[in-house]
Structures are given as structure tokens and as C-alpha cells.
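What follows is a single chain, given as C-alpha cells, in the form predicted on its own.
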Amino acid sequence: MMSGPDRNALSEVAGDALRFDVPTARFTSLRVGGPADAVATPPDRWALAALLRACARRRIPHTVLGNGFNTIVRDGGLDGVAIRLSAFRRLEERPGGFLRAEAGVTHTTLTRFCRERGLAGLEFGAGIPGTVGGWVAMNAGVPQREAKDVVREVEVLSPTGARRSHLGRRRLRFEYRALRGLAPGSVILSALLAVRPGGRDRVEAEIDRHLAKRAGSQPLDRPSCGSVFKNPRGDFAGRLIEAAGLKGARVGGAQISEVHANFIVNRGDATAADVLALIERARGEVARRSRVHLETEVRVLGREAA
């Protein structure tokens, strides 16, 4: 837990952009999670850098929570400062066939921008929830195309807030649902994304195709954290979980979706412990029946409940 002096020091730096003891369930797509010691929403890069410097000086951990997709916070809450970049929403077209999108730009905004201007190349992201920062950090995508295929540069702030860098594609190490090589605690500020003229009608049709596919195959009517497990090589996590007889299985208020077995939904009163127990049940049953070890795609943060 954060000490009184630490709280005072952060308050002096962050002011109204900082709140203490905030339930992370408000800020995660699954709507579960205990209180964060503090939640900060810096209004600009200078405020963010100042916050990171204050955290570094006092050795207070920080976590970029973004819009809280692909994230589970345990019921005991989150140490230190959870940073939300919802103010970082600048999106602009750049010469040469690029978009510069700040980390807080939502995929809905990005998709609408491309639709209105007939810009092709990012249609595969239509319907993927979250923000550009999370999209890049998780190398989000579909089997045929991922963030790594369109990211040409990432603007990053160092963990202490002291240095801002522009990392070109060759310096980035994208892996399946991950971006490696950044120092722990680094904050993605923006990304340069490759696009091309595609014609508004064609771009709209491709976006609508992706949206319709997601609407027909994913549980969009209940809170979820997106895909829970990475797909093992040559197979699909959802198929393996369904083959283990777990589609619709419940622990407390958490349920393996009856629409897609690689999604866990909150039926209204789930706890993080319910979700994590269901994850371990699915992992265990798949290992027993199919001899496949499922790795989580979702990140799990925070402390256990007392």
C-alpha cells in the first residue's frame, strides 16, 4: 500500500489528474478488480513525464492500464499508480501514406477515420477493442494480419520520464501477442501506422465484413477481456476448450462464453478470483484431454485479496 508521504508527493505533481483507492473494475473491460493505490490521467506528455519522474524518485511502481482491455486485476488491487492515457487522442494523416496515432486513440476512432477517408490497411483492426497503445503493446490482430504488419515507428517515453525515443520498425521486436525489447515501465506515446488509398466504398465494405464476423462469433453483449489464451501452433484455444466440454462452464459470476470458448464473460457479479479459477480449470482440462499447455494472452496484474 502507498504511504502517506508518497501520496502527498504524487498529489503535488499530478493534482486533479490523480485519485486514490479507485476500484480498477471501473477501468477494466471485464469489470473486475480491487482498488488501485492511485489512478492518474495525465492531460499531456509533460504531466506524464513529471508523474513518471515522481514515481521513479520515490520508487513507486506504475502500470499503464489504458482502457483496461486484455487485462485482469486481482481482487486485492494494484500497487502504485495505474496510468490511463485517455487524453492522448491525437490522430492525423501524415505524408507518404501514414497515420500518426497517439496511444489513447480508440480502435473505434481509428476505424471511423479510415472509413471516412478511404484509407486501407487497418481494416483488420475493426472491432478489436482497446486503444492504439494496447494494440501495439499486445501486437493485436487476426490470424492473417497483426499490428507488426502496419507499425512503422513507435514513440516511447522512458520509465523515468527522462527520455523520449522514436523507435523504427527494425528496432522493434514483435512476437505473437507481444512487443518485446522495451525497458520495463516504458510508456508508448504514439505509433506511426502505414496506410494506403483504398477507395471509401472498398474500405467500408472490408470494415463491415470484419465487424460482422466479430458480431457473429464473439460475445459482445457481456463484459469480457477479449481472447483469454493464445492460440497454440496449428490449433485454436477456443476449439480445445470446447472439446474439453467447458463451453458455458461457470465459476461464481464468471462463465466461459457459450458463443466463443476462448472468451470469459462477467455475468454481472464475477470477481477476479472467479475468472482466474475458470482460467486454471480450462488450462487443466485442456492439458489433461489434449496434452496442450495453453498460455494466457490476457495479462494478470495486482495482489491477491487478503
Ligand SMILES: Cc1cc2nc3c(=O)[nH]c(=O)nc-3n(C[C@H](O)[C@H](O)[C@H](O)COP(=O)(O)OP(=O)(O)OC[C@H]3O[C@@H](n4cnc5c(N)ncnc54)[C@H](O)[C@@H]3O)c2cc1C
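It should be emphasised that the depicted structure is a prediction, and the values quoted were computed from it without experimental measurement. So that there is no doubt, residue numbering starts at 1 and follows the sequence shown.
Form predicted in complex with the named molecule: not shown, discussed below.
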| item | value |
| --- | --- |
| The named molecule contact in the predicted complex: R177, any heavy atom under 4.5 Å | yes |
| Partner proximity in the predicted complex: V251 to the named molecule, non-hydrogen atom cutoff 4.5 Å | no |
| 4.5 Å heavy atom contact, P35 and the named molecule in the predicted complex | no |
| Any non-hydrogen atom of A244 within 4.5 angstroms of the named molecule in the predicted complex | no |
| V187, V81, V73, A101 - the one with a heavy atom within 4.5 Å of the named molecule in the predicted complex | V187 |
| In the predicted complex, the one of P129, G198, G77, G161 near the named molecule [non-hydrogen atom within 4.5 angstroms] | P129 |
| The named molecule in the predicted complex: contacting segment from 130 to 138, 90 to 98, 198 to 206, 108 to 116, heavy atom within 4.5 Å | 130 to 138 |
| Residues from 273 to 306 in contact with the named molecule (non-hydrogen atom within 4.5 Å) in the predicted complex | E297, R299 |
